[in-house]
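Shown below, as structure tokens, is a lone chain in the form predicted on its own; questions about how it binds or moves come after it.
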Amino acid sequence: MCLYSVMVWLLNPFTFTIGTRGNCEPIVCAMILWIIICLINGNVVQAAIWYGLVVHFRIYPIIYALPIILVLDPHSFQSGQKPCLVNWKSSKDNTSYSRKGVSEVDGVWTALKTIFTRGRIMFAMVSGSVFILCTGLFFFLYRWEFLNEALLYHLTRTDPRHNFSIYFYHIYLHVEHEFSVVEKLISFLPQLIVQLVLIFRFAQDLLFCLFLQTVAFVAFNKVITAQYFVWFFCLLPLILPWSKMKLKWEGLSCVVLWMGAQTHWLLWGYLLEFKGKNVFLQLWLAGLVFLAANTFLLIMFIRHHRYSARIQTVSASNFRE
């Protein structure tokens, strides 16, 4: 099963088509996978360095910050030690230690020490310093042009060109109207809500959480292009071995549904782009179908997820800050 899971990435037509057309997405994916390896090996500082670099390189991995911080729990990560990995079978195992920790705290100071641990502060400080250093360097070289194109542009981006996103048609109809900052930022609200729900439900199952976050982030984004699919394809081999989904029925139906929804959208996109047909409304409806297909896939993965390698918590008697 592990071999077939790796083939999903290596032999995926999206992977080698997008990765060989001068796109940097496979490099970003490799950096994210290396961050996961560093965390599994207990190398928090190295993971933080690479994380700060990858967020500078590509802004979307910023969504992984909160689950990584949450998983850097003092009950799991000891200074200079490799964390133990166990199989996560239910959410009850996930929350048992946290409830116990809350009942044992004596005062606000102890509670704050439990939250703001050495590992979490170190990860935040190191990754933030690397990001600020890289951003500051390129701001010195290219000034505001770099800052706008690399960071600020994504916050207020309005792309009237047709894409998989459900927002494109509204933007196209109001392209001559200058959107306010509030209107531009309001589209992030559904995305933010979904991200927070997934994080607080699945954060302790880090690999599965990162995968769900990425799929949801792409599905609810203001702009969706084919290269964004590579972002979660690289994480798919990490969770497939722990899924109860059978390839013959559920798995194949999910693949057919996702590819069918995308092909349906591409058909209307072809009629618009190459034939000059006025099919904007049909294209937007196809975008809604594609969003529904991605949502269905998220539900299917969650329902069939069995367990995943996670970081084992140590007992309170053995814990030392």
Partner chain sequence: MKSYFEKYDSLLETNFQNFTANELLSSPCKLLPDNLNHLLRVSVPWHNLRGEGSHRHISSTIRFHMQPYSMSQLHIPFCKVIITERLPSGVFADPFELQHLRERGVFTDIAVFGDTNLELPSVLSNQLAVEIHMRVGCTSLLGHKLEISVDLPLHARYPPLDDSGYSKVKFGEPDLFLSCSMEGNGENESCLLLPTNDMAGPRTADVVWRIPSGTRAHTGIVSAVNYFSCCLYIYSFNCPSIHLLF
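Numbering follows the first chain given and starts at 1. Source: prediction; values computed, not measured.
This next part talks about the form predicted together with its partner chain, which is not shown.
Review point. With its partner chain left out of view, which of R201, H154, K246, R118 would have a heavy atom within 4.5 Å of it in the model of the complex?
Key: By the 4.5 Å heavy-atom cutoff, the listed residue in contact is R201.
**Study point:** Option touching its partner chain, based on a heavy atom within 4.5 Å in the model of the complex, out of F232, Y169, F139, W242
**Key:** After the contact test, the surviving option is Y169.
Practice item. Heavy atoms, 4.5 Å, its partner chain in the model of the complex: which of 128-136, 247-255, 193-201, 233-241 makes the cut? Say which one. Key: Result of the contact check: 193-201.
Review point. Does every residue of H174, I186 and L281 put a non-hydrogen atom within 4.5 angstroms of its partner chain in the model of the complex?
Key: The answer is yes; H174, I186 and L281 each reach its partner chain.
Practice item. Verify the contact flag for I299: yes if a non-hydrogen atom of it lies within 4.5 Å of a non-hydrogen atom of its partner chain in the model of the complex, no if not. Key: Although its partner chain is absent here, I299 would touch it in the model of the complex, with heavy atoms inside 4.5 Å.
**Study point:** Contact label in the model of the complex: R303 to its partner chain, heavy atom within 4.5 Å
**Key:** Yes.
Review point. Does F220 reach its partner chain in the model of the complex, with heavy atoms at most 4.5 Å apart?
Key: Because a heavy atom of F220 falls inside 4.5 Å of its partner chain in the model of the complex, the answer is yes.
Practice item. Find out whether any non-hydrogen atom of A292 is located within 4.5 angstroms of its partner chain in the model of the complex, and reply yes or no. Key: A292: yes, in contact with its partner chain in the model of the complex.
Practice item. Select from 244-274 the residues with a non-hydrogen atom within 4.5 Å of its partner chain in the model of the complex and write them out in sequence order. Key: Counting only heavy atoms within 4.5 Å of its partner chain in the model of the complex, the contacting residues of 244-274 are L272, E273, F274.
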